[in-house]
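Single chain ahead, written as structure tokens, the form predicted alone.
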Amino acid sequence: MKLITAIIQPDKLDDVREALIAAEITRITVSRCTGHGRAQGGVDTEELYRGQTVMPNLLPKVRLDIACNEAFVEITIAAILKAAKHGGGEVGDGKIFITPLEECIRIRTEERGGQAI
């Protein structure tokens, strides 16, 4: 089992979700987050926050967490790569992280392992 974590641009969420559904990947967790890598946008712009001027350098992103069995890892990655790019690919399109998933337990039935996913 693997845990696939993808950090993508917010405007690509619907495209990625539709690509995952088309690839029969339907169990995902979506979270809003902020961060930056090479694309540090907003560094030279000021914002007013609670009456004080701040220099933000964190950009809005979306985090997808997908637990899957080994057979679905490449299918999931391909769907995300296809749908998350802007055009031919731009700085800030995101990242995909793949980590081993030691155990998964479904709370309702107490199933463990691949059956719980």
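Remember, it's a predicted structure, so these values are computed and weren't measured experimentally. For every residue, the number given is its place in the sequence shown, counted from 1.
FYI, the form predicted together with a further copy of the same chain isn't displayed, but the following is about it.
**Q** Using a 4.5 angstroms cut-off on non-hydrogen atoms, would Ile21 count as touching a further copy of the same chain in the predicted complex?
**A** Yes, Ile21 is a contact residue.
**Q** Indicate whether a further copy of the same chain has at least one heavy atom within 4.5 Å of a heavy atom of Asn57 in the predicted complex.
**A** Asn57 belongs to the contact set for a further copy of the same chain.
**Q** Heavy atom to heavy atom, is Asn69 within 4.5 Å of a further copy of the same chain in the predicted complex?
**A** Because no heavy atom of Asn69 falls inside 4.5 Å of a further copy of the same chain in the predicted complex, the answer is no.
**Q** Only counting heavy atoms and a 4.5 Å limit, does any residue of 81 to 117 reach a further copy of the same chain in the predicted complex, and if so which ones?
**A** Residues within 4.5 Å: Leu81, Ala84, Lys85, Gly88, Gly89, Glu90, Val91, Asp93, Gly94, Lys95, Ile96, Phe97, Ile98, Thr99, Pro100, Leu101, Glu102, Glu103, Cys104, Ile105, Arg106, Ile107, Arg108, Glu110, Arg112, Ala116, Ile117.
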